[in-house]
Structures are given as structure tokens and as C-alpha cells.
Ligand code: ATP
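Below, in C-alpha cells: the form predicted on its own, a single chain.
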């Protein structure tokens, strides 16, 4: 059940050899009990911080959080976080303890942790310490706070998001009192940094159980992204849809592959719908312009959440393009490849499939057939080896300047005209043909 890797075992054994208690603790114990391979190995000990530094004086030690009793010991180029048993003082910022008190009792240390499944420790010599029912909750597939939920969440508001992330990752339920407390204390997220919230949000979105979390805790998600609030219960009054906008969004997130960028795009793909809603004389709802409106809103949202530029750019493209009709001709597909690139188009196919999976069955067969034809057309177009961008032309801006075209936007306009005509098979991509046609355009 417990196969402690060499770098962590060296840390545990060395502390024990020097007369101290040492346990692997937290997530590595949880994942080992679940039969998963832990990503990180943490150790707790009754050795005081100065004693830990002395024990590992011949190792490279990073003083990660020395005042809180934590250092990182590098063993064979692998990090092991070592923390002295402690109890935490007041959390006046709802995020970090103002002070800590070092203790000698492992159970007192475990009592300060967030959830029962994370409050277990294991020693190769003393066995498993599970004072709060972590094994029982693992078997019952429950996320439960250690002790009183309101107290745990008021200590650290980010724990609300962590609860949802663990539940989504393992497809666990959140125990009733813990869930009630999450709803009651959702305002605490206003005190948490955007970077930490964004990291946890991505973790929730890529979880297998993300649908349940989105449907059960919309009030939490609208604290961190208030722009989503109008989508809750917003009926679409359209035969293509069987859900309100938020429920459709939740199902679409679940339906797409578990990639953080794709799932962020699905979370935000219809955020602009409520602002673009109109109803025609037949009582049918429409959302004209919602992709562009949604992309503008997504830019504000992701910028506020400190999203990295690469993810931001990709999500904005996906949101803006998610409702497009794909070309039905090779020239049209050539132009789309030139604009978006093959990878983005294939991602849009996934987005279309997820969007359809979260809709009604109205015209489903026709939509699926159209998407399949677009995919085949993309393959055929790529196999044809046609040119897609200006750099593929056998003539460039320098050539046009030598022909007498002054430097400026006129050059780009001519090149784009040549590109479109070559893509439409109306012009050969040779220097002679391109130069001749350019002369006509000058």
C-alpha cells in the first residue's frame, strides 16, 4: 500500500536515526491509500526547525517557510518538504496563521489540517495515524472538514476552492455540513489572491467530476467570476437548447477533453449570451453577436484572474470562434487555416462537439454530419499541400517594392489579394504569374 520513494525514505530514516519521529503526511498518504502514485512527498516531524537544519546540514536545504516550521530538503535532486508538528494561531487575514506553536504530538498537528482525507500520516515503523476518520471518508468518497467547517474555512478561504477541486478530481461528494459551510462562507474568496484562485479553478475544471461541482456550487463560481451570475437560470427559448445557459455551460465543460485551456473556453463560451438576448415574434430566443461579446468579457475575466498570456490568447480565440460555421470548400478551408492554423481548428472541432453534447437533439444528426464533413475537408486540404499564409507565396514585399510599390499598407493589400486568388485556384503560385498579376494591381 505504501511504497515510499527513495528520496522521501532517506528523509524519514535520517530523522528517525537521529532520534526524532517522522511521518509522510497529507496528500501522499491520501493518494497511496487510493492506489494512486503521489506527485509530492511531504514529511512531518517532532524535530524543531533548527534541529531539522542540523540533521540535514550536509544536504541542500531551502528555508521555504522557516518561521512556520517548514524547510525543503533536496535529496537526489528531488524536493521533500519537512514541517515541524505545529498548531496554528489566529488567521486574521483568512489565509495565513499570524503565528504557529510547535508541538510534540502528531495528532495535534493533524488537527489543524483542512480535510480528513488529508489529515493522515504514515510511518514505516509506527504505521498509519488516522485520528479524524480519513480512511472512512476515502471509502465513503466524502470530502469532510477536520473539526468545525466554518472554523476551517475562516482560517483559509482558499480551502473552499480546494474542497471543490478534491471533489472534482476524485469524483467525491462533499459532506453535508462542509457543503453548507462552503455556501455560507463563499465571500471569503474575496480575500484570496487571484493567482491562487485561478490555479484552483483550473484544477476543478479538469476534474472528472466538474459537472457536479458546477451545478452544486454556482454561487461559489459567481463570487470569483461575477459575470457568470446572469447565466444562472437564464432560459434560452430556443429549440436547439434544453438547458438554461449555466446548465448548458456546465454540461459543455464536462463534455470536452480535460484540458485546462479547453475547459476554460467552455466555461466562458456563452458568458456573453444574456447581454445579447433577443426574442423574435415567434417567441424564439436569439443571441446575435454573443461570441464577440463573450470574448471581450473573457478578456476582462482572465486578465483579472492573472491568466498567462498563452492561455488568454487561446481562450479568447476559442470563445470568439466557437459559433462559426466551417467552410464547405477547399478554398474556404485554406483561408481558415491561414487565419487560425490547423491546431486551433481541430480544437474548435472539439468545442463544437462539446457544445452539441450540451444541447437538445434538435437537428443533431445534421450538425454531426456537418462537423464530420468539415473534419474530412480539413484533412483533404492539408493533404493537398496548398499554401495558407503570405509566407508561402513565391513573391514578397521586397519584390513588390522593387516593382515600384511604395512601402506601406498597399504592399500588404496586394499580397493578400494574391494569396486569396491562389487559394481560390485562380492564380498559379509562381513568381512569373504573381508578378504579372501584381503589375495589374499596382
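Positions refer to the first chain, counted from 1. Because the structure is a prediction, the values reported are computed rather than measured.
Missing here is the form predicted together with this ligand; even so, the following discussion is about that form.
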Open item on the list: My question is simply whether residue 248 lines the interface with this ligand in the predicted bound form - judged by any non-hydrogen atom within 4.5 Å.
Closed with: no
TODO: Considering only heavy atoms, tell me if residue 334 and this ligand come within 4.5 Å of each other in the predicted bound form.
DONE: no
Task: Interface membership of residue 159, this ligand in the predicted bound form, 4.5 Å heavy atom rule - done: yes
Open item on the list: With the partner left out here, check for me: in the predicted bound form, does some heavy atom of residue 114 sit within 4.5 Å of this ligand?
Closed with: yes
Open item on the list: Only one of 166, 287, 326, 217 gets a heavy atom within 4.5 Å of this ligand in the predicted bound form. Which one?
Closed with: 166
Open item on the list: Please identify the residue among 391, 402, 39, 60 with any heavy atom within 4.5 Å of this ligand in the predicted bound form.
Closed with: 39
TODO: Tell me the stretch among 372-380, 44-52, 23-31, 411-419 that has any heavy atom within 4.5 angstroms of this ligand in the predicted bound form.
DONE: 23-31
